[in-house]
Each structure stands twice: as C-alpha cells, then as structure tokens.
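Take a look at this single chain, the form predicted alone, given in structure tokens.
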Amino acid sequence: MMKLEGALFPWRFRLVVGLLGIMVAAIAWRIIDLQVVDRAFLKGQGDARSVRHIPIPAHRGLITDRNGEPLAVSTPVTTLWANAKEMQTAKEKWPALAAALGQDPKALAERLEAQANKEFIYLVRGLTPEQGQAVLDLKVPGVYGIEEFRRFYPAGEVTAHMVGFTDIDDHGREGVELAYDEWLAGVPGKRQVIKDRRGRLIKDVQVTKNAKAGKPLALSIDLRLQYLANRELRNAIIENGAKAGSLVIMDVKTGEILAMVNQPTYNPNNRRNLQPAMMRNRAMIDVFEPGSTMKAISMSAAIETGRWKPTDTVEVYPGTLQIGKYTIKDVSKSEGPVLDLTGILINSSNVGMSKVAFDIGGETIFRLAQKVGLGQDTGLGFPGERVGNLPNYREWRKAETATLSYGYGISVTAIQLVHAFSALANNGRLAPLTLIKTDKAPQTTEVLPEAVAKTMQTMLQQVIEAPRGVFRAQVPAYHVGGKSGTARKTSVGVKGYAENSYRSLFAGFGPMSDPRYAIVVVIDEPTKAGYFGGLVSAPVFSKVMSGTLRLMNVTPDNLPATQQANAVPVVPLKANGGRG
C-alpha cells in the first residue's frame, strides 16, 4: 500500500497550511478593518466615483450712479458644454444640435470628431436660460448645461469708458470693473450631487457652501449729466470734424467726478467689432500741453507773491518778444500796447504772461502747478491712468519760464486740469478726486490763499463777460468764469510740432455766486470751422454748464433786475399740511 506524498515530508505540508492560514487571516482582518474599523475609506472611495461638488455661480455686485441708476448688472446665462467622447454614440443627433445652436452642421461635426477623446469642451457660452433649455430639451447624449452670469450695461456707450467691462469669465478687464474687481466679484458656492459613471446627474444632495454675491458700488457720476455731456461732446466732434474729444464735470467741493465722457466710444454689450482706440479713456490716458488754460495757474502764482495785482500793467507791444533765437508771439492782436493782468488773460497774451513770469520766476509757477495736481498722481487708481509731466529745472532760464507760464513744455490729462481749476473755484482749497459717491465732506487742502482765489474768480469771469472775452462760453442766466486754450500737437516719432494739428481746450467753473461745478472740454484735431479753444470748445462748455446748473437746480445769479423782481417766491409748506 502506497503512502501519501505529504506523509514523507510532514514539514512541507505544515508550512503550506500555515501560509494559507496566515493569508486567510490577513484577508479576514482586512475585511473587518474596511467594513468595521475604517469604514470611511471605502465610503470615500465610493463617493469619489459618484459624489461630486459642482460650483454655484455668484453674481458680481451691482454698479450704480450716485442716484441708484444701474450702470452694470449681472444677468443669468446658460453655458453648454459637451463630453465629446460620450457624444460619439449619438452622431445622428448632431444635425439637430447644430440647428439649435445656430452653428454649421459640418463645422460642428468636424470639431466633435477632432476632439473625440475629450470629456469636456465648450459648445457655446452666454445663452439666455430659454435658449439653453431649448437645446437641453433635445436630450442629446453628452450635452450639459452650466448656470453662469453675464454683465449687462444699461447705459451702453455713454458710460463705457468709466464703467469698463468684464471678460467671458466675468472678471473685470477695463475701467471700474477692473479697478474694483475684488470688491465686485462674488464668491462661488458649492453643491453636492451624485452622478453616474457617465457624469449624468442622479441626485441633488445638498448645498455645502452658499454663494456670496459681490458687493454693490455706487459711483460718483450722475447719469443725467453723463448723457448730457456725451451728447454735446459727440455733436461737437461731428460739427468740427474732429478726431476725438473728452469732457469732465467735477463737483469742486466734494471732489466727485460727476461726468466723464470720451469720443469715440464703444458699446460694451457688443464688442465684436471693437477697435482698441475706442477703448481709451482719453480723459485719464491722453496727455497734452494745456496751452493758454495754464495762464490761470501762472497768474494765480503771480498774485500770490504779492508783487502783482490785477490792475498792474505790462507792455505787450509789438506782440512779440525775442529770447535769444526763440520768439514769443501773441496769436491775436491785443487791445493796445499795454494790458493789465486781467487784460492779459482776456487777450490771452503770451508776451504779457511771459513778462510777468520772468518777474516771479519759473520756480514759483512750478510750485503752484505741483500743489494743484498738475503732473501728479490723482490717487484715483484707475487702470492705465497717466501722470503727465511737470518739469523742474535747477536753473529756470527765460525760455523754460515763459513756455511753462503759457502752457507749453508741460503735459497733463483732462482730469488733472479740471482738478487744478477746482482749486480756483473752491476758494483755494483742493478736494481729493474720487469716482465713488461720498456722503460726507472730504478733507480739503489749502493750495492758494482764499483772497487770491477769489481775485482769480473775478478775473476769469471777465475773461468770458468782457467785450473782448470768450462770449461763446457765456451761460444764459448765470455768471461763469474760465479760460480757453489752444495747443499744437507734437509729431509722433519726429521732433517738434505737427503741421495744422491742434487741441482746442476750455476750462471753467460756475456759478460765480458760489462756484460748485468745474468743467474741462478737450477737442482733438478739429478741422472744419477753426481750431481755437474759444471757437471750438467754449460753446460745448456753455451748453454743458447750462444743462448742469439747471439739472442740479442751481439758482440763477445773472437774471435781469425786472425778471428777478417778478419771480414768484417759493413758500415752504407748513408741517400741518401747508397753506389752506
């Protein structure tokens, strides 16, 4: 009788049985460990294959004007995406999908074939919820929708340069949308859902994190004034055959920008044919020589020294002044061979202003220009804003002193120029600029003695109202003050100035009984009726200032005596219901 093989080698048998026993014990322990001790591991692995967290979109904060009128709002949209790999099983539905998307069937098919291995591709973004649902109702395998938000700008091109716009992912890309992106951007939430292996939604479990909307932002601009300024600037550009233009309205007491418009502009709601030049916020980006508008600052510096008073006279005959090889010329013929300081401003005499500047020195004008913000950072933090250039010299020679005094050799922006004139209007006090609505009086800085500022107000009023003044800038029923300017444009890539290329300027404020609003108008390269600031920009100032004072309910200070006498007084209503 034969014996079993194992009997001959009992130690081998015991070894195999022992190893099998250890393996069984290890498997049993692992089962117990996973099912009893460490249940979270298996549950987590299962959840990883079925439970998903999908984002809950959060809309950006509302942007409004100072009166609550919406300037930028977020509207819900649907974005359609596809699992191209999954879609390969339903090619017969592609033509219907293309028709619903408004796309070429052949182009869509080629795209899906080329990306057949991808599990996520965008089909179309930014559809209205109704359009998106119509596509989803086709129930094409592999086509899914995402809820998103898109910005809409009710005022369109009127506020485009200030408000800016967002990109397709709802991030700020221009203007206030970019400058205050962190403030406006919301915080997305999370929703826990269960999906199958193909990514299809099985169950909406719960919201694990609520979406947090962006914070609202009230700008300083008044939409009524914005529309007014945009209309008048656009009309002026057309009437004068100009290349471009800017206009800024400022509240001199609060530092708030009430309107800021540029031409050409663009529609932020439809940027398909947008040209880069249209996006430039010229009021903050374009720098230029202020020309004769600078004489208001230079004259203020002269009066502040105490060496000059408005009645002092300067000989301007014969209208030219030679400084070495450099000749200073007066553009127009003056009233006579001698002008007082007010006459220098009225006649915009370069010769007269230069002689005053020689007496007080270029450093004196430079210091005041610096204090009123010319060539300085405005502190607005606006994307792409330029600082300009205010040159300083160790030795102020006559040529540099003269050119600075009448606005050449210096570069500023329209925002800086209106800020500088606001100091003259606000009795020598400069309020910090702001694009955000403010409800409390700002901390102002004295940059000029009040007596000097009031003297300049009277002189600048005469610049408009005197017989030889800039009569086109006059505002019916109101006294206003200001100064025109005309500056030659420099050539790009060539030293010196371009031929027949000018900027027409006007800067002013009103009403003179209590100056509240400052306005700067810049017209770039007018080509039809002329190019002088008093001819081109002054009428725009007149119309915009007139509309501003009326819209803001400012009492007229220049009515005829008979009209004032016949005016019906306003009787306030009593607390008990008024008059009987």
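The numbering used is simple: start at 1 and walk along the sequence shown. Computed from a prediction, not measured in an experiment: that's the story for all the values here.
The form predicted in complex with a small molecule exists for this protein as well; it is not shown, and the discussion that follows is about that form.
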Exercise for the section: May I ask you to check whether F471 falls inside a 4.5 Å heavy atom distance of the small molecule in the model of the complex? Expected result: no
Handout entry: Non-hydrogen atom contact N262 with the small molecule in the model of the complex at 4.5 angstroms
Key = no
Problem - 4.5 angstroms heavy atom contact with the small molecule in the model of the complex for Y408 - result: yes
Problem - Partner contact for Y517 in the model of the complex: the small molecule, 4.5 angstroms, heavy atom - result: no
Fill in the blank from the handout: Note: exactly one of F152, Y326, Y317, W183 sits with a heavy atom within 4.5 Å of the small molecule in the model of the complex, namely Y326
Handout entry: T166, S300, S220, S292 - the one with a heavy atom within 4.5 Å of the small molecule in the model of the complex
Key = S292
Problem - Proximity to the small molecule in the model of the complex (heavy atom, within 4.5 Å), stretch among 254-262, 452-460, 347-355, 136-144 - result: 347-355
